[in-house]
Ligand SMILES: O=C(O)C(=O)C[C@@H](O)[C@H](O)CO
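The data below hold one chain only, encoded as structure tokens and taken in the form predicted alone.
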């Protein structure tokens, strides 16, 4: 079997799908994208195609290392996201060729079902209690929300109080019937993170995600030493080498590699194993589409330390497209009381509605995240 071509489709709301075709008629799907930079990743995918066309798609390890090492410059969000989507599609082809789900090729199931959580609120957290109540009716009991608005490097007592009041209201309303993580989204400086973690600790959030920017990951250990709240991070780390440095420094309780950013299934299985060696849990990042989610689940079901899976059904970014809009086998993605079962079909387990993808790609908008500014006019972290 040989690879014959790669086709990319940018689709709403902010995703990109990749189709890899073979001379055996088996097609694999991947989701290579950086949110807001889809065209840049698309270019990288097609530049990498010269390493792939004419090659046997079953040689995933060699193809992965050829893409990673063959061009001298390596790593980073664009190249690793391009490799990630290609890698997903190669595993999809291999599983389909052998007639088994990818998790069977990775050693088989370690669990019968996987816990998922639901996003509530928007970029600037609001109506969070109503959002939780609505999602509880669908069976969810675990949630994530943006923890703060934009903050200055040193900000006011009022801003801190607003954040704490909002989180306290959640705990007062639902008690211990739910769990929730708070995403600081890198919006918080190290000095303010120390203050917020101290004030939030009595409210027992499940975790705080990206308490500081990934550039300041060396602060995770110092922050962890002063709080009992588990610290989670990893969506802006792109290889096992990025994670290794953070694991060695300490402080991280939950690793969150993104299967569409951190080199795909091949690399994230390695990251999961490294995390387990440091007694760190795994909770793959996935505010993306159905192929990315399917890839995450393949790793979740073989990684013993996987504890939570993000999924973006109903997330505030989904304008113009929902996760299952492009999926034929929607029933396989059923989430019951917050749990999802292993996808049963061969490969990644997702059947893509190619006609709908093609139609949606014709007028796909270029999504961009908002650009925020502080009251003094300087740029703020989104």
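These numbers were taken from a predicted model, which means no experiment stands behind them. Numbering follows the first chain given and starts at 1.
Another form, the form predicted together with the ligand, is not on view; read the next lines as being about it.
Of the heavy atoms in residue 42, none are within 4.5 Å of the ligand in the model of the complex. Proximity of residue 35 to the ligand in the model of the complex falls within the 4.5 Å heavy atom cutoff. Although the partner is absent from this view, residue 220 stays clear of the ligand in the model of the complex, with no non-hydrogen atom inside 4.5 angstroms. Although the partner is absent here, residue 185 lies within 4.5 Å of the ligand in the model of the complex, judged by heavy atoms. Contact with the ligand, judged by heavy atoms within 4.5 Å in the model of the complex, is confined among 177 to 185, 220 to 228, 244 to 252, 92 to 100 to 177 to 185. This chain appears without its partner; in the model of the complex, the one residue of 317, 51, 68, 339 with a heavy atom within 4.5 Å of the ligand is 317. Site residues 285, 310 and 367 are all in contact with the ligand in the model of the complex, judged by any heavy atom within 4.5 Å. In the model of the complex, 119 is the single residue of 99 to 129 with at least one heavy atom within 4.5 Å of the ligand.
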